[in-house]
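Have a look below at one chain only, the form predicted on its own, in structure tokens format.
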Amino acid sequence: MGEVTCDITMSLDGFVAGPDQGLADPLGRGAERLHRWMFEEPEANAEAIEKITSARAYIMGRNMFGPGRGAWDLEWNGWWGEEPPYHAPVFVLTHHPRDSVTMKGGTTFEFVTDGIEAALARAREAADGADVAICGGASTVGQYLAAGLIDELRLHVAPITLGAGERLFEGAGDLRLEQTAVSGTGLVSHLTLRRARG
């Protein structure tokens, strides 16, 4: 069986999204700077980027899929345009049922209303023995960490502060992680962490 991984970029002060997230500013004010390493230094960070897109199924929270709350705007199919980068099934945690959405390039968004464990079971089945990735946002990652369901956390720390927004470890509980690898460039430090044994 594959592992459950999570790649997420965080500021030095612990935020993965800035304040005032919305349609005009999906990552929140100032948070686009978190991801400079992916676009300004892609060659230097090629191994980390490849790992982000190597899973065979993904899980994300509703806020990562779109800005709406409550009933669905059925015209909304995600932030990524007609061909999202996943090219695999993506399971979106939500309290509001919605039919699946199939996009170009092999991405299908499935909407899961019965919790994180049900989403993980469906993602494992879809991944067929390969890895499943928890994409975000902060609340979703925190729930999976608190439940002890993430095998490997690949934390990408950008050397900036945001001062406010969505904190990664909010509600994650008392975690015991072991650092197994570290690398980086001028725009990011890549930390690989695994659940502590025992």
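The first residue of the sequence shown is number 1, and the count goes up from there. Remember, it's a predicted structure, so these values are computed and weren't measured experimentally.
FYI, the form predicted together with a further copy of the same chain isn't displayed, but the following is about it.
Stretch from 60-68, 154-162, 126-134, 47-55 whose residues place a heavy atom within 4.5 Å of a further copy of the same chain in the predicted bound form
After filtering at 4.5 Å, what remains is 154-162.
| query | Is the gap between P19 and a further copy of the same chain in the predicted bound form 4.5 Å or less for some heavy atom pair? | reply | Flag for P19 set to no.
Next item on the list: Verify the contact flag for M38: yes if a non-hydrogen atom of it lies within 4.5 Å of a non-hydrogen atom of a further copy of the same chain in the predicted bound form, no if not.
Entry: So M38 does not count as contacting a further copy of the same chain.
- Just to confirm, R29 within 4.5 Å of a further copy of the same chain in the predicted bound form by heavy atoms? Contact with a further copy of the same chain, no.
With the partner left out here, check for me: in the predicted bound form, does some heavy atom of P42 sit within 4.5 Å of a further copy of the same chain? Although a further copy of the same chain is absent here, P42 would stay clear of it in the predicted bound form, with no heavy atoms inside 4.5 Å.
4.5 Å heavy atom contact with a further copy of the same chain in the predicted bound form for all of Y86, T94 and V112
Not a single residue of the candidate spot has a heavy atom within 4.5 Å of a further copy of the same chain in the predicted bound form.
Checklist entry - Across 176-194, which residues bring a heavy atom to within 4.5 Å of a further copy of the same chain in the predicted bound form? => result L177, Q179, V182, S183, G184, T185, G186, V188, S189, L191, L193 sit within 4.5 Å of the partner.
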